[in-house]
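Given next, in structure tokens, is a single chain: the form predicted alone.
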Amino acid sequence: MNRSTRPSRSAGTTAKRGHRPAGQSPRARPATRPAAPKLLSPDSLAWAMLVASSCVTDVVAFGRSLTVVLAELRQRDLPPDAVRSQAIDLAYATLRRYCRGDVELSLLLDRPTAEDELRSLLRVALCWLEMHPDKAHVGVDQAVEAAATLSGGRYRGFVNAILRRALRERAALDKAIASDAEAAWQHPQWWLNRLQKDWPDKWQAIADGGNRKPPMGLRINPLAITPKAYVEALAAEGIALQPPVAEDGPEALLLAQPRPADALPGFKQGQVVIQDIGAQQAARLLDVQPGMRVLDACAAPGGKSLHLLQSAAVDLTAIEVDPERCAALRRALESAALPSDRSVQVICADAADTTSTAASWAKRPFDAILLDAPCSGSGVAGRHPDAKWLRREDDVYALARTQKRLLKALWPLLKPGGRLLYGTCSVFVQENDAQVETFLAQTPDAQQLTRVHLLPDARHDGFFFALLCKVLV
């Protein structure tokens, strides 16, 4: 799918924010770009700012997914004292408040600049100053040190002047932000328009959820440890939990504060996986039983597939169209140490292509189907803030067509009496209720059993689920 960059007013463009002119694609990323300049100490804030700004540039200037960019950063062979986590947090925070930086730079820059890395560094520094107003002098000094690595150091004075002006004019900047809907709500206008139309009484809370640092949910592997024993293991390590909610299920836990995965007891041994509590509801709703033949369409990255396999002794077929994601899915499931009474087959294919001779996986019916459909990701904007600036409104229509195609193709593969769970991580009605209502109206043997809306909040991301049953007509 094509992704769009979000033109910045400070870049001198006349295009409307949040929209890419028709036919325009993201620019090619330079073949080589410095990842960690040797001029900076890797344990410094300046290093973290510069690395974060490079990540932001990859997203907004070159249209790359933040998930991919950060995966590359995590894989780099960096010094042990490198403040990689600080750089990652800054990249996330800067993209969450991207519109605010847009307004600030439009007022602070006397003339446009076409320097991607310079604009990104200013955005990161402005974000850090907003997060740490009591340490403003530290932020300015470290941003100037980071600027010394750009264009031979000629931007040091410029960055110093812009940031000090931002500190002096904070009240005026805040007023400008408050008068700009995109900046105040930190979402593109087309996104806000959809929220206001779809959720007239809840759109503000949904937008706030899309700006929030996401919670960290855990799912206990019942094949490896009991919920009681794992909670006790967390307590022994001094790791606090949020109060449990019965509707989440006995294996769902929510950390009071996020922790590195390796710091969790039993993580390396497979006793627990990191999975949003909302995402965990997919397997709970589908409720597979031993002996079932189950299809997980659009299965990567594999969290829901693994949940299904750990829930019951099933025969699972997992489909993923992207070769790289399919390879990662296969590795994840093969390393899960599942009991011998479970079987899984990972296939790289288009899940909607069920009638070709190559689709041998689709020749036998399934007892249960999980369709975790491609979507806008509007329910997980807090976890994937780049989606707000990479998506265009036209993408939603294209995704809705893909969702319809998948539903139509997969329904014939379901046995009579079988169940299909349609799910998205979107809050847009076009991808959810409207999609299901149209399908039900056009499919006589489809009956809805359950429909669930989970709006993004402090406990989970945003999800939609509709459980459908095939009935005799």
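Numbers for residues come from their place in the sequence shown, where the first is 1. All figures in this text were calculated on a predicted structure; none of them were measured in a lab.
Just so it is clear, the following notes concern the form predicted together with a small molecule, a form of the same protein that is not shown.
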- With the small molecule left out of view, which of 295, 121, 298, 283 would have a heavy atom within 4.5 Å of it in the predicted complex? 298
- Query: Which residue among 135, 259, 325, 165 has a heavy atom within 4.5 angstroms of the small molecule in the predicted complex?
  - Reply: 325
- Task: Flag residue 373 as yes or no: does it have a non-hydrogen atom within 4.5 angstroms of any non-hydrogen atom of the small molecule in the predicted complex?
- Result: yes
- Query: Could you tell me if residue 320 has a non-hydrogen atom within 4.5 Å of the small molecule in the predicted complex?
  - Reply: yes
- Query: With the cut-off set at 4.5 Å between non-hydrogen atoms, does residue 385 touch the small molecule in the predicted complex?
  - Reply: no
- Give a yes/no on whether residue 415 approaches the small molecule to within 4.5 Å in the predicted complex, heavy atoms considered. no
- Message: Which is the contacting stretch out of 178-186, 347-355, 84-92, 239-247, given heavy atoms within 4.5 Å of the small molecule in the predicted complex?
- Response: 347-355
